[in-house]
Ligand SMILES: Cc1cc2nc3c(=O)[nH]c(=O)nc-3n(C[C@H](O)[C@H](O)[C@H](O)COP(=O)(O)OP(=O)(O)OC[C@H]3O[C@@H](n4cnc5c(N)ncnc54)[C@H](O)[C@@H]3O)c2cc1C
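Take a look at this single chain in C-alpha cells; it is the form predicted alone.
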C-alpha cells in the first residue's frame, strides 16, 4: 500500500465517518480536533437516499435511531402565537433525523478503538514532500503523515493552509443564523416546532429529546460582514442587537441564549471550489463543498463523501492521486445538485414586504397543493443522484457504544 498514515482535521461528522472506513481498509487514521472533546449540541440534521445506504453499510442505523429526533408539526405563527399555517409531521426530517452532537458522539464511539484522537489541538502548518506531509501542531509538536484530509467545516483550517484564503471560495447566500439548546419553556409536545417571521428575520423553536429540551434558532438577512467566528460572546451580541425589540417569544429566547453552552453562529454560505485536492491534501464535507443548511444535504454529502473517499483509496491501493480524482468525479454531480437545492433562500427570510406577504401565502396554501409532495420528493431525488458501490471490507472490528 502506497499510503498508510492519514491525518484528518475535524472530529464532527465527516472526519470520524472517514476514519471509520479507513481503519477497516487497513489505513491508520489520526483525527485532530481543536475542541477539548466532542462538541455537543448543534442543529438537527437528517439523512436521505444514498446516505441511508452508507449508514446501513456502517451497521450504525440502530444506534442512531436510539437518539432520533424527528421534527413534528411545524406551525407558522404571528406575534400573538396564533397559527397562520402549518406543515405536517416530518415535513423537513428526511428518512432519519438526529441532533448533530448526538451523531458526533455515535461516530466517536464507533471509531475511538481504531482511530487515534488528538483533542485540544490543531494544525498550524503543513509542508508537502515527495513522500509525505510534515505537519506542525499548535501545541508545538510535529509529525509526518502520508496524507492530510480537511474535514473541518466551513472555516476549514486545512483548506486555508492548502488552498488559500477562504474568501476565494465562500459564497454568501445573504443570511446569518444562530442555534442553541434551551429548556422547553413553551411546553411544545411531540417534537413540534413554531416559526415566527418579520421583515428580514425569522426565529424558530422546536422541542427535542422527547420534549424535554428545545432548540432555538435565529435567522436574519444581511450582506456579508466581518466577525470573529471563534468569539461566541461577540456573536451573541450580534443576535442581541439584531433582535432587540422584537415580539413573540424572542425576549425569552434571548434570555435563554445567555446560558446556552452549545451556541453556534455562522453565515449561510456555500463553498465552491474547482478542485478538492492539492497533491497529498484533500477536503471532505463542508470544508470542500458546503451546500449550506438551506440544502438539507450537508451531512448526507459528508457521510457519502467519506465512504467514497476511503473506498477509492482502498481500490487504488493507497495511490492518492488516482483515488482523489475518482472521489471528485463521483461526488461532483451530487454536490452540484445539493448546492442548487439551496437556491431561493431569500424566501425563507424575506427582505421586502411583498416577499414577506408572498411567503406567508405560500406557507398557507402549500399543505393543500401538489407542491407539498414536490418539496418532499425533490430532496429525495437529489439524495439519490449518486450511486455507491460496495468496496468490500478487510476487517470489521467489534463496536461497543458507551454514550451514557
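Note that this is a predicted model, so its numbers are computed, not measured. Positions refer to the first chain, counted from 1.
Note that the form predicted in complex with the ligand isn't included here; everything after this is about it.
**Q** Looking at the ligand in the predicted complex, is some heavy atom of each of 10, 42 and 299 within 4.5 Å of it?
**A** Yes, the whole trio is in contact, each within 4.5 Å by some heavy atom.
**Q** Determine whether any heavy atom of residue 63 comes within 4.5 Å of a heavy atom of the ligand in the predicted complex, and answer yes or no.
**A** Residue 63: no, not in contact with the ligand in the predicted complex.
**Q** Decide whether residue 340 counts as a contact residue for the ligand in the predicted complex under a heavy atom distance cut-off of 4.5 Å.
**A** Because no heavy atom of residue 340 falls inside 4.5 Å of the ligand in the predicted complex, the answer is no.
**Q** Test of understanding: in the predicted complex, would residue 351 fall inside 4.5 Å of the ligand by heavy atoms?
**A** Contact check for residue 351: no, nothing within 4.5 Å of the ligand in the predicted complex.
**Q** Taking the ligand as it sits in the predicted complex, is residue 35 in contact with it (heavy atom to heavy atom, 4.5 Å or less)?
**A** Yes, residue 35 sits close enough to the ligand in the predicted complex that at least one of its heavy atoms falls within 4.5 Å.
**Q** Work out which of 81, 114, 237, 122 lies within 4.5 Å of the ligand in the predicted complex, going by heavy atoms.
**A** That would be 122.
**Q** Identify which of 270, 157, 277, 181 has a heavy atom within 4.5 Å of the ligand in the predicted complex; exactly one of them does.
**A** Contact with the ligand in the predicted complex is made by 157 alone.
**Q** Sort through 50 to 58, 352 to 360, 25 to 33, 331 to 339 and report the only stretch with a non-hydrogen atom within 4.5 Å of the ligand in the predicted complex.
**A** Every other range fails; the passing one is 25 to 33.
**Q** Within 4.5 Å of the ligand in the predicted complex, which residues of 259 to 286 have a heavy atom? Give them in sequence order, or say none.
**A** Contacting residues: 264, 284, 285, 286.
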